[in-house]
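In the structure tokens that follow, a single protein chain appears in two forms: structure 1, then structure 2.
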Structure 1
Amino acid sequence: MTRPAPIRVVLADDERMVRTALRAILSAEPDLEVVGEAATGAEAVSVVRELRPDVVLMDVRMPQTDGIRATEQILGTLDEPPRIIVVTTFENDSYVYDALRVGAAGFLLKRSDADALVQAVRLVARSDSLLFPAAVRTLATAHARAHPAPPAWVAKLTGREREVLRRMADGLTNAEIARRMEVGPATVKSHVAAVLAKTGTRDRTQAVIAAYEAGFLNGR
């Protein structure tokens, strides 16, 4: 049986010791491969464009170009961009929220243990669930800007799409949503695609952020 190709990872952090520690943890896993490193945001953009990894671990605070701008540039210029996890010291950092709003798939604390790091990389590479939904909810409620009225996309969601969006916010995978709704995974995938299109978002994390900002998930 042919082993699937490893998940290719780029590390972006201005501290060499941090990059060394991350490389040691990830390289110990047979399904993960660190293919490049960057010490600044600008360098991260260049390295990602050259190597086209599957996942990027991006320090949110770096010299020259910070992790937010680097994330925005990568996602805005590549046809098939990698999934980006921003790495931070403080979980309630407004930088992290801004990175999620521009398209980062999730975030990790620098104090996270090795298992959490490895599982986070695997999870975002699969692209079908939300990384740490409770933390995303906390960030969204702390930093979301108030809107005088819900955006137009809220009224355009069908009942099924509303339910799928709520399940997405709970961090459920497509398979888990399908079981809860008693439909096929292909149907859920279609609903997720419709939610992303109507919210004008790139992925599940952005859609959930948009839902909190619109007041759609208030009270959850």
Structure 2
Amino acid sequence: MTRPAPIRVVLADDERMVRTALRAILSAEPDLEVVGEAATGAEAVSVVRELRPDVVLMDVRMPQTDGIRATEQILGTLDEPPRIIVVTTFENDSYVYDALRVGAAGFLLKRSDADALVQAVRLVARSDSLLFPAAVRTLATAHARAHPAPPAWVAKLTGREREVLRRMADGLTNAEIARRMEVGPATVKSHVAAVLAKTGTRDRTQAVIAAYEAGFLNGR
């Protein structure tokens, strides 16, 4: 058995405790070597640029530049970028989707046991075909398209206007909306007019399109 070169790892986390813990776990493995640490996203970028590790364990929540943006910069500017594992606390963290989208090789929960961490590092160092193949990345991009930050106009709609827009998106006419909301047709027209103005659309069809594009209907 020859002794292959160890997998070189950089840790990026703003909490020293976490870095220490990760280092302790990884250093116990002879085939893993922690070659550097960073406490901010920006620092992570420069450290990675300098040390050229094989794997980066990147916390998502960091001061200044967050882990996602750091990941994006690393993957976007280096010729042979390292595999980046994004570390989160909650698995349905919205950052997860961003991580996938920008090309993270995988992600890891902070509550994962030492074994999973070690296995994960070894795995991503050797292959990217298991964790997040292109198909999943596509999925994340689609998710981002489907769930963009709601446009400014959403916040500007009053409760009544939202309700009217929702019913417009159900395909109802003004008269039907009026009946279901138990108000006069003229009232509905007012609300519709307000919706059109605030959404910057000229007719109900465009308003409904805007509602769909903005993910306004998510939840029904």
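Computed from a predicted structure; not experimentally measured. Here, rigid core means the biggest group of C-alpha atoms that superpose within 1.5 Å across both forms. FYI, numbering is relative to structure 1, first residue = 1.
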item	value
Which of the two shown structures is the form predicted in complex with the DNA	2
Flag for V35, CA shift 2 Å or larger between structures 1 and 2 after aligning core	no
Shift of R202 between structures 1 and 2 at or above 2 Å (CA, core fit)	yes
Core-superposed C-alpha of V9 shifting 2 Å or more between structures 1 and 2	no
Shift in Å of the R179 Cα between structures 1 and 2 [rigid core superposition]	62.6
